[in-house]
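Listed next as C-alpha cells is one chain, alone, in the form predicted alone.
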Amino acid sequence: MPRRNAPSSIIRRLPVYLRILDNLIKKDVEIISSRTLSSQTGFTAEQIRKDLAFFGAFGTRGTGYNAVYLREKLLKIIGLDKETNVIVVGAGDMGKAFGRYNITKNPYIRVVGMFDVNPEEIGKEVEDLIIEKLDKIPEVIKKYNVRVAILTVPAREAQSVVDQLINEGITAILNFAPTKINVPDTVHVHNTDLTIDLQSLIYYTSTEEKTLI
C-alpha cells in the first residue's frame, strides 16, 4: 500500500475525513458522497476524490462511498485499525489536558505513560494514569512497544528530551514545545504552536486594511 509515499498534505486530511465518517455512521448514514464530505470539511469534492483515489478505488461513480467500508479503509491507511500506544512527556496543564482528552475521548489512541521532571507533578494521577519520572520512559516504551510521543515540555528542555525519546525507539513526535527540534530523517515531527495559531487568527478580526510597509 502506498501509504508511506503519500504527500503529507493528503495524510493530514485523512483524519478529517475519518472524523466525519465516524459521526455519520453514528447517525446510521450508509452512503456518503464527496460533495457531502466537501460541505463538512471545506475541502473541494475534487480534492477529496483525488485524496482517496491515491490509495485505491473506494467508491462508485454516481453513487458515492459506503461509509463503513471507507472508514475501514481509512483506518488501515492511517494505521488506526489497531490501537496505538502513545506517551505524553511534559505533564503541565497542557500535557494533562491533552492526555486526559486522548484517554477519555480518542478511541484510536491509548495513552500508556505520562512523564515529567517536576517533583510536584510526579505521582499525581490523570484518569488513573500515574505521572512518572523521565527515567521510567525506556521501561514504558519497551513494555508497550511505543513509537509515538506527545511533547509538551518547555522549549529549553525539548531537544534533550527528544534525543532521549529517539534513542529509545520513538519514530513519531507531536511537538507542542515552542521551538524547532532536530531529528533524523527516520523520525517524523508535527509541530503545533497554539500561541502562533492564536496570534495568526487575530489577523482576521481586524477590519482595518492590511498594508505591508
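Heads up: residue numbers just count along the shown sequence, starting at 1. Treat the numbers as computed from the prediction; the structure is a model and nothing was measured.
The following text describes the form predicted together with the DNA, which does not appear among the structures shown.
Listed residues T63, T179, S160, N145 were compared with the DNA in the model of the complex; T63 is the one with a heavy atom within 4.5 Å. Listed stretches are 53 to 61, 160 to 168, 181 to 189, 146 to 154; the contact stretch with the DNA in the model of the complex is 53 to 61, by a heavy atom cutoff of 4.5 Å. Looking at N23, you'd find every heavy atom of it more than 4.5 angstroms from the DNA in the model of the complex. The DNA in the model of the complex comes within 4.5 Å of no heavy atom belonging to Q199. Although the partner is absent here, E30 sits far enough away that none of its heavy atoms falls within 4.5 Å of the DNA in the model of the complex. With a 4.5 Å cutoff on heavy atoms, S34 counts as touching the DNA in the model of the complex.
Looking at the DNA in the model of the complex, residues R13, T44 and R49 each place a heavy atom within 4.5 Å of it.
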